[in-house]
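The data below hold one chain only, encoded as structure tokens and taken in the form predicted alone.
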């Protein structure tokens, strides 16, 4: 296998209002744009040619990644004029593929951070003689997902909508967002209209007697569709829980990019990332968070499981826990912001304006 399709867009827009100047796939995760990790892992698995199927803010990717030569890849870009869904996006880039009809083509989702063994998925596909193979993962609570039961050999039996009752939970296996298609199967997807692989392509193939193979790989898996998950994923990359050859440094408790300035007595833990030219003041404590380029965290501030946007400012003694601060926003000194708070780009919160603790 030497070719892949990377689906970019869709759910990624969930972070858009908070980082309007840096769309989510380009927000640094562990020091580099998140898509860099995706591309590097595909390269490590033997992929040479990747077509990026883009819709949302497609114009930002090619100027950054170019032809892919810096990553040892050949990249091409196809932009949808109208949203086509997952299946429609795959079909829309078919003309850019070089593979023969029986060759495997990797398809993976730009919103998923995973430790999937890509070579193993391809091997499973080829050994089974499948038309499509799916990466499946197990989750503790599958109610929020579509279920994919398989037989004893791993062959997919059905695609079930989100279960509504305990009786409908027949498996804990879900679609994990990475596939290997036989090249000829891609050409069977209807062209020029929205198509969902989950709700249309896969069920229709199954009904037609096609061989869909599931491979359960329960290594690291995280859907990065929310800001909280994105921060968690960045920290896990730094900690080494989520493998990536693109992390710009050694894995550990913190990643501080060379141009950042961190006070000697500041404490950085939990996979925290400090971006280029960011400034961390004396006595600041930052855990499991991402502080993006040019941001300032003033002395004594406490930042936990939060995203501090590019050029943003967190005032002295401010407390942030599970918060997203948009690009160039300012949280004044002595504020206390707790789980779920979103500070919009360029917003200003005066000193001591918000507190969640009781008066006791």
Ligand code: GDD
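So that the term is clear: the rigid core is the largest set of C-alpha atoms that superpose within 1.5 Å between two forms. Numbering follows the first chain given and starts at 1. None of these values were measured; they are calculated from a predicted model.
This protein has a second form, the form predicted in complex with this ligand, left out of what is shown; the following refers to that one.
Chemist: Looking at 244, 86, 114, 124, which has any heavy atom no more than 4.5 Å from this ligand in the predicted bound form?
Modeler: Going through each option in turn, the one that passes is 86.
Chemist: Would you mind picking the one in 104, 110, 233, 288 that has a heavy atom within 4.5 Å of this ligand in the predicted bound form?
Modeler: For this set of options, the contacting one is 110.
Chemist: Hey, in the predicted bound form, does residue 51 get a heavy atom within 4.5 angstroms of this ligand?
Modeler: Although this ligand is absent here, residue 51 would stay clear of it in the predicted bound form, with no heavy atoms inside 4.5 Å.
Chemist: Is there a heavy atom of residue 175 lying 4.5 Å or less from a heavy atom of this ligand in the predicted bound form?
Modeler: Because a heavy atom of residue 175 falls inside 4.5 Å of this ligand in the predicted bound form, the answer is yes.
Chemist: Is there a heavy atom of residue 76 lying 4.5 Å or less from a heavy atom of this ligand in the predicted bound form?
Modeler: Answer no; every heavy atom of residue 76 is more than 4.5 Å from this ligand in the predicted bound form.
Chemist: Should residue 276 be classed as touching this ligand in the predicted bound form when contacts are defined as heavy atoms within 4.5 Å?
Modeler: The answer is no: residue 276 has no heavy atom within 4.5 Å of this ligand.
Chemist: Among 216 to 224, 116 to 124, 181 to 189, 255 to 263, which stretch has residues whose heavy atoms lie within 4.5 Å of this ligand in the predicted bound form?
Modeler: Answer to the contact question: 216 to 224.
Chemist: Could you pull out the residues of 186 to 201 that have any heavy atom within 4.5 Å of this ligand in the predicted bound form?
Modeler: Residue within 4.5 Å: 198 only.
Chemist: Just checking, between this form and the one not shown and with the core aligned, does residue 163 shift 2 Å or more at the CA?
Modeler: Yes, the C-alpha moves 2 Å or more.
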